[in-house]
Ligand code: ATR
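Just one chain is shown here, as structure tokens, and it is the form predicted on its own.
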């Protein structure tokens, strides 16, 4: 039986095992997918399990999308450009890091039918997934990308890679058309996201990469003020879909049953 894992910390919120095992069962594949909470000190030994084929594939979530990179043999162009890895596999004896978050975010935005072209986008956060979001937003031809992070130096590190982005202080709310919560704050509470919803007004697009819980306070408040809201469920499904294709050499269906599975 082939074995797959998603690693992160925290990890309880992830629905990756539910989705991957659903597809595995549907495609009648002899495999299982589990989750594991790890620390930074565990990364090297987990990667070694890929190398010696005790594990057949890994997904990586917060906060390890960047910190796994030194332990890998090779990066795909997507992972190298974003300096972020969420999918790991063995190819010709080499442990390869790949990024499916870029296409996951892009396809997720297209699915929700929001015309993002020439829009101003504010991103809250500067963690592992943000570089992927920036790359996807550029592909979608937004007019401006603004980043705000609690630790400003991390946002400034992103600017070294993406010179065209603008940095604003945490708590400052510039004018925008769309705001993306790419922090992990919504997994527990929203006290750390300081947005003046009254000042922002209505008719904006609030997007949260978090998909569990289904509606964070960030989104609930936005909806109260007449804004469009979307969680990260479709991004999550699309990035998982592409990881699944890499590992199993087949594309499972993304149908109504798949989409509603995660709401149960």
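Because the structure is predicted, anything quoted here is derived from the model rather than measured. Numbering follows the first chain given and starts at 1.
Heads up, the form predicted in complex with this ligand isn't pictured, but that's what we're talking about next.
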{"query": "Non-hydrogen atom contact residue 151 with this ligand in the predicted complex at 4.5 angstroms", "finding": "yes"}
{"query": "Residue 76 within 4.5 Å of this ligand in the predicted complex, heavy atoms", "finding": "no"}
{"query": "Non-hydrogen atom contact residue 184 with this ligand in the predicted complex at 4.5 angstroms", "finding": "yes"}
{"query": "Residue 62: touches this ligand in the predicted complex, heavy atom cutoff 4.5 angstroms", "finding": "yes"}
{"query": "In the predicted complex, the one of 180, 145, 126, 102 near this ligand [non-hydrogen atom within 4.5 angstroms]", "finding": "126"}
{"query": "Proximity to this ligand in the predicted complex (heavy atom, within 4.5 Å), stretch among 161-169, 126-134, 77-85, 109-117", "finding": "126-134"}
